[in-house]
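Quick heads-up: it's one chain on its own, the form predicted on its own, in structure tokens.
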């Protein structure tokens, strides 16, 4: 019995030792599922035998949208409702941070033409600009829906170019908040001022 056990032990030892390699190799000693290493795939600019034009790099399917870039919120991204009417109210909540951002972007992109007061007398008017910029304090602009102003910033109008590439969507809405603040500042009435601060106003 002991002899049988000894033979079994020696056989197992020999089997284990026979599995050892005498030299290094980049291949694993046991590879149970090699198919993931040899999967069929195309490399960029390589030739394809599947497609008629033999190109491996294919155009995306029509209507494909990259992950995270689906602009499903129409009012936010276009300034229009689902019925194509302009959005009346700014979809971005008004906060001090948003207002400050709007002022900063306005002074960079809008003030050169419309001035920091929004009266259409920016520095560009000193150079005999053929078409004077619009004043934001006109009744027409004051009554304009926020979505229409957003579209003008995005698409441009008359001699004003589009700013959609320079100004991100959220910044356009922030600018509109600031434009509304400018309009209100130039057409403020006494009731707009808190009662506890009215005595500080000079007549």
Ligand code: HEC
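Positions refer to the first chain, counted from 1. What you are looking at is a predicted structure, and each value in this text was computed from that prediction instead of being measured.
Although not depicted, the form predicted in complex with this ligand is the subject of the following passage.
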Answer option from 58, 41, 140, 47, heavy atom within 4.5 Å of this ligand in the predicted bound form: 140
Could you spot which one of 131, 93, 72, 123 gets a heavy atom to within 4.5 Å of this ligand in the predicted bound form? 131
Is residue 113 one of the residues lying within 4.5 Å of this ligand in the predicted bound form, judged by heavy atom distances? yes
Given that the partner is absent here, does residue 170 sit within 4.5 Å of this ligand in the predicted bound form, heavy atoms only? no
If you check in the predicted bound form, is residue 66 within 4.5 Å of this ligand, heavy atoms only? no
Is residue 178 close enough to this ligand in the predicted bound form to count, meaning some heavy atom within 4.5 Å? no
